[in-house]
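Shown next as structure tokens: one chain only, the form predicted alone.
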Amino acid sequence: MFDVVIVGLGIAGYTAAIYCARYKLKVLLVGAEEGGMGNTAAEVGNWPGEIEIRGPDLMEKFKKHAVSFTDQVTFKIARVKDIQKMGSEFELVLEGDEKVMGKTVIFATGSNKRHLGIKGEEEFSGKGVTYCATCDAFFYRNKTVAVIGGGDSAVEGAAIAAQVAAKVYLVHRKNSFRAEPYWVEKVKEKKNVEFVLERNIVEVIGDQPSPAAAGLRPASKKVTGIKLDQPYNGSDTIAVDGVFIEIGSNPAVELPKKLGCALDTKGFLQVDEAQRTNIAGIFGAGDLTSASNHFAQFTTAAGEATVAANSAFNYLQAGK
């Protein structure tokens, strides 16, 4: 039996584990993917105390700190398949059907990349279509790519891709960006980035290899271009080798939703000022919650996790 089960291995999860451990609580820190969205940040320049650091390096520091509390924190990489309320406690089912019990749960599951839902997107996923420019740009050295979106991840992704790609098209449906001005200015400095504004991508185009001859390995499908909703430079298609779709994320609320936790009108986990949900003993922190004015940042995730850990501790103390 754990005092707190923390679901999520990103900024919020690691921070919550650190604080819960300092409260001398018995913690299970579990998640399917180490580092969460933090691992997709090629450069972090707004974490206090670090003028510039790579996202994966910062996540490794967080993990090292969290798991240093060896007497309090059990660390496990596993997907949580299900959760049920059992009286005043909670049973979580992990992959492999392992079951664990917790007196409280802090959801820090973050968000999932949003998809466009256009023709060719699913067909060429992993064959030229990806959802993390900063993760996959390396594979497109000296090639031509398109980055789709207008927020921080898209503009940052275009700047990172421009360091290795021969040409980068930044496609955005509006004529201005909602991204942090720092990244907008940085990408404008890149001579190999071309802005394709006030256009929507409506299809990912790719080749359809003929079946392989007997005894030969079939050729792989691959992206060859994108189709736009209106012409650009006289054509509604642009030839590219890869497409990075960076149009934001949806909160990963599947587990708390199963449990009956309330969501806000935007689909985020509804929490109060103490990061409490509508179910006693369940708390939330980070990108999946309604807190911090939906401003998903490393700093807000850490702050919410700090409050959630304190609230879990107070909840457990009140029950003694």
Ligand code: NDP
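What you see is a predicted model, and the numbers here were worked out from it, not measured in a lab. Numbering starts at 1 and follows the sequence shown.
The same protein also has a form predicted together with the named molecule, omitted here; what follows describes it.
Think of it this way: in the predicted bound form, the named molecule has a heavy atom of just one of 149, 225, 120, 110 within 4.5 Å, and the residue is 149.
With the partner omitted here, the residue from 167, 85, 173, 221 that has a non-hydrogen atom within 4.5 angstroms of the named molecule in the predicted bound form is 173. The chain is drawn here without the named molecule; in the predicted bound form, the stretch among 52-60, 247-255, 65-73, 277-285 whose residues come within 4.5 Å of it by any heavy atom is 247-255. With a 4.5 Å cutoff on heavy atoms, residue 143 does not count as touching the named molecule in the predicted bound form; it lies far away. Although the partner is absent from this view, residue 127 stays clear of the named molecule in the predicted bound form, with no non-hydrogen atom inside 4.5 angstroms. When the named molecule is considered in the predicted bound form, residue 237 lies well away from it, no heavy atom lying within 4.5 Å. Among residues of the shown chain, residue 18 is not one whose heavy atoms approach the named molecule to within 4.5 Å in the predicted bound form. Contacts to the named molecule in the predicted bound form (heavy atom within 4.5 Å) from stretch 104-138: 114, 116.
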